[in-house]
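This document starts with one chain, in the form predicted on its own, laid out as structure tokens.
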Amino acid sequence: MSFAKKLIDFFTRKESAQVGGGVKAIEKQAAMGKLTARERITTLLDRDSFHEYDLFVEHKCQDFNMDKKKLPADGVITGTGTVYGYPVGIFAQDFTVAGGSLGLAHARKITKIMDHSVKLGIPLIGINDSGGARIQEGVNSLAGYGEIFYRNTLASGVIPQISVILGPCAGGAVYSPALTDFVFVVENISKMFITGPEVIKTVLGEEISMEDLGGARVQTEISGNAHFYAKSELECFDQIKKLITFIPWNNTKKAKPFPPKLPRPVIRIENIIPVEPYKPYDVRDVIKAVCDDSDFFEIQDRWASNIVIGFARINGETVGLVANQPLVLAGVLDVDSSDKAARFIRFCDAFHIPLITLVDLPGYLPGVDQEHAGVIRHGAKLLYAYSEATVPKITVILRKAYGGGYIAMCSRHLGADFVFAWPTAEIAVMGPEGAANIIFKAEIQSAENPDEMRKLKVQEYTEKFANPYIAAANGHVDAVINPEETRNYLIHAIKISENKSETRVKKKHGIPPF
């Protein structure tokens, strides 16, 4: 065969493999408001940066007439490319080919690009759109899932792993995204669940739609399984692109610095916090008042909203922010907010991202529901994550820091490198009202006017203990600062902590309170 004929044969084979499930299947995909797998890759990555591998991989299944079926690219596209010039590994399941079902060859393509990404030290993006295990391949498809889960775990904390749910993701398939660092979902397109509506109806007699069971809103607002919500695939890709700019390629590097920018002048930090200690405000305004260009990239903004997490830049350097949110439940810690913050802290620690903690909370949320839900165990996750973290840890106490909440929010006692407090800070075992009722109980009860005496004692306790100066006098707070100085103190603390080094007791790994 001549060179020209070989080229023609190559192009014919390539075109056949790239066409996916054919015109009708692609049209059906478009009718559901979904891009094809290849369109998703080329839209997300920089123009002409995608290089595909394993295009000609074929399944080896002989049963159930599978030997007569040809599945182009075996239903998954894999390769490497760049996002804003940042290198990434990527795979996208092709629902137009056998419903994107996962067989052994399909899985091996995915695990190969996973191994490749770890070896090259680049982030991995997985676009999930699959009907699940390929039933015709039986246990081999289950083996494929197991090999993917194993690699997700080995890659955890080594390279950033990003999952994008752009179709159904059911059964064992959902565990791979759950093992990754960030999960993106899209309104009316993403579906995640272990057992689908039909199984639930058969086993429990309950009827529920796929959307109500595991749609994008459910996963971002109720379960907390997903981190980012978008109304379209294009909006989702923009979110992914922005995330990539905040994180490093792998755990041996730091996030790429950007040119420093001042916060926007319209946000004045001294005007944010109300004079009244129990009046709510939006802690995100404080964040925007200190970070570059007032640009805060929030994560999981729809779930456990009593705590705020996300990325920003201060003087050009990426930082991770954890902040109590007084607008929601007064910023208390509970089961979900502890889980949310602890996981984010561990990500930042794994990838050399300094942590800034903004404190304003009355403590842990009391109640039978919380106790029975395991707030002790879940709350301990936050203690563990902060104590384990060795990246620079900077804490600013804005207002209330009571009881166990004071300790849990990266206090000096959990290894904070710098603890600053505003003059509005109240650091105490409990709030003035509760403390006065206990400490001055006898005096209040014996007074001619108990209500008036209680007010006086609350005021006395507030003036004496509900301030930052007792903690500062004991060295638990490094500096009481003017709120307008916050950004300068943070810049200095980050800069001076650049070469921070901590020696820990040698061990295989700790045992966190999962």
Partner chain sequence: MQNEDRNIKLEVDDTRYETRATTKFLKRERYKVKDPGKITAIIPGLILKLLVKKDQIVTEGQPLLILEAMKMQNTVNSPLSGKISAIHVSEGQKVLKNHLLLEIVR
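Positions refer to the first chain, counted from 1. Since we're looking at a predicted model, the values are computed, not measured.
The form predicted together with its partner chain is left out here; the points below concern that form.
> So its partner chain isn't shown here. In the predicted complex, which residue out of 430, 407, 376, 194 has a non-hydrogen atom within 4.5 Å of it?
If I apply the 4.5 Å criterion carefully, the residue I get is 430.
> Consider the chain as shown here, without its partner, and state which of 267, 330, 208, 234 has a heavy atom within 4.5 Å of its partner chain in the predicted complex.
Looking at the other structure, the residue within range turns out to be 330.
> Since the chain is shown here on its own, which stretch among 398-406, 88-96, 376-384, 315-323 would lie within 4.5 Å of its partner chain in the predicted complex, judged by heavy atoms?
Heavy atoms within 4.5 Å of its partner chain in the predicted complex occur in 398-406.
> Is residue 362 close enough to its partner chain in the predicted complex to count, meaning some heavy atom within 4.5 Å?
Residue 362: contacts its partner chain in the predicted complex.
> Are any of the heavy atoms in residue 437 no more than 4.5 Å from a heavy atom of its partner chain in the predicted complex?
Yes, residue 437 sits close enough to its partner chain in the predicted complex that at least one of its heavy atoms falls within 4.5 Å.
> Can you tell me if residue 278 lies within 4.5 angstroms of its partner chain in the predicted complex, counting non-hydrogen atoms only?
Because a heavy atom of residue 278 falls inside 4.5 Å of its partner chain in the predicted complex, the answer is yes.
> Look up in the predicted complex whether residue 372 has a non-hydrogen atom within 4.5 angstroms of its partner chain, and give yes or no.
Heavy-atom contact with its partner chain at 4.5 Å: present for residue 372.
> Three residues, 202, 305 and 336; all within 4.5 Å of its partner chain in the predicted complex via heavy atoms?
The answer is yes; 202, 305 and 336 each reach its partner chain.
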